[in-house]
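A lone chain, given as structure tokens: the form predicted alone.
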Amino acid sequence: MSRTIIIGGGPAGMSAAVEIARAGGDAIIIDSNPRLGGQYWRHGTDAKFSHDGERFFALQDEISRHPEIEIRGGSQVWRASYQDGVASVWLNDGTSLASETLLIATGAYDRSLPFPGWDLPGSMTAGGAQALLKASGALLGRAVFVAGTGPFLLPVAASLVEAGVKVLGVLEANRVNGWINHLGAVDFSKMKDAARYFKILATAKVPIRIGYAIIEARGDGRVEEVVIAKVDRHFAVKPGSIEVHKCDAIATGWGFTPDLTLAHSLGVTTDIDAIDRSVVVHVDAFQETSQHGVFAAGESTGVGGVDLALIEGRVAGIAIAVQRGLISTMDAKNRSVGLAQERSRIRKFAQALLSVYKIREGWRSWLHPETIICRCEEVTFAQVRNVVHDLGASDVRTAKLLSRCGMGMCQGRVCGRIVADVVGAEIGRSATDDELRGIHNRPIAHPISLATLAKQGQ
């Protein structure tokens, strides 16, 4: 049987590779980054981890010691397919691979919400700001606001403070008292990290403002000031709360969207999360998808953070080892002791996070007619409304075809969900499950050259 293909070298992919290696198996890890670690452990060659580096180096060392684990860094899978029990992938160097076992560990990317000026230089996602800092030590600005929702805002703001950036404020749109209904799901092991971030921000005298959001960015050619406002529980602006502040950059984060492009190409079954309606890969107790031999772990099965990704990766790696005949079912049970229970506990916490830090529909009230909705094709809010009310678009796909939203370089990764929500509101119904799934339908997952495409037919 051919070696296991692991798409994604982050925590889930690394932990799965380790379990396969421990079972005496072989695997190839494919990742677009030059080094292992994914977004969570993204770092430059000379960078040091501010925390949690021990787990990364332990995994990396074990992988590097195993001669049958190949790392294909700086490579992108631009196409994938599944037929007759075999998964095939095509890489941007013109090569292809096939295997009876494959792990989808493609992670997630930042979810964005538009507002007037969000397309100005100096406006960046929270994850983008952190990735820039981790990978190269580059700063997005000198005086910065960090805004959005979710606990991820805290480590981003703290890392910017430690790098010498003046963080003018952390704006959390949701109310933390939402945790009252989820106290049983709280992961108290995270309190140590949270306390560390709060200490860093308090020492730097960074104000943390609950129930506030950036609703506009202004500037001549780049961000020069922001408009912030107090928002209600639905994210609608409270009258009389508008403030204008000078700054030179902003980092906004509204959670994450699982990267399912390759999962969709492989034809696996997906679910719609009941809380935030994200599309996620459906897996069984062993992290196997609806396609035999195709497994998924990490954020592709639902955003849950590094701890959940590590456990799901281990479960998938052990299951792959059993399926390949490397270990017995009894051996797998011994290796898996406690994993299912821990996975369940962390998934419960992840669902609580989605509920407390849910994106509320009132954000659409921030939009102006000229607000850009699709940055690649420069389509405005007014143009999206026009295709619904003047051109008769009655579904998300038609609205996209008529407006060209999602047809640019990012292929809807940034604006896909935005357009679905805006169009749904304009036609008077929520986007259907199939419309949400369609956001991830990209036969060509990444830009490729004509030369690479030509090689496929050779």
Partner chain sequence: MKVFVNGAEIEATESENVGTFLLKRRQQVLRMTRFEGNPRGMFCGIGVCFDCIVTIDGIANQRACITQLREGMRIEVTS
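Residue numbers count along the first chain shown, from 1. Just so you know, these numbers come straight off a predicted model, no measurement behind them.
Just so it is clear, the following notes concern the form predicted together with its partner chain, a form of the same protein that is not shown.
Can you check 372-380, 193-201, 96-104, 150-158 and let me know which stretch has heavy atoms within 4.5 Å of its partner chain in the model of the complex?
Every other range fails; the passing one is 372-380.
Is F235 near its partner chain? Define near as a heavy atom within 4.5 Å, in the model of the complex.
F235: no contact with its partner chain in the model of the complex.
With the partner left out here, check for me: in the model of the complex, does some heavy atom of V86 sit within 4.5 Å of its partner chain?
Looking in the model of the complex, residue contacts with its partner chain do not include V86, since no heavy atom lies within 4.5 Å.
Is the gap between P34 and its partner chain in the model of the complex 4.5 Å or less for some heavy atom pair?
Within the cut-off, so yes.
Give a yes/no on whether P447 approaches its partner chain to within 4.5 Å in the model of the complex, heavy atoms considered.
Although its partner chain is absent here, P447 would touch it in the model of the complex, with heavy atoms inside 4.5 Å.
Run the contact test on M124, L139 and M409 with a 4.5 Å heavy atom cut-off to its partner chain in the model of the complex and return yes or no.
Yes: each residue has a heavy atom within 4.5 Å of the partner.
Residue (of D331, E361, D119, D273) lying close to its partner chain in the model of the complex, criterion heavy atoms within 4.5 Å
Only one listed residue qualifies here, and that residue is D119.
Quick one: of Q323, Q76, S241, Q291, which gets a non-hydrogen atom within 4.5 angstroms of its partner chain in the model of the complex?
Contact with its partner chain in the model of the complex is made by Q76 alone.
Sequence-ordered list of residues in 192-226 near its partner chain in the model of the complex, where near means a heavy atom within 4.5 Å:
Those in contact are G221, R222.
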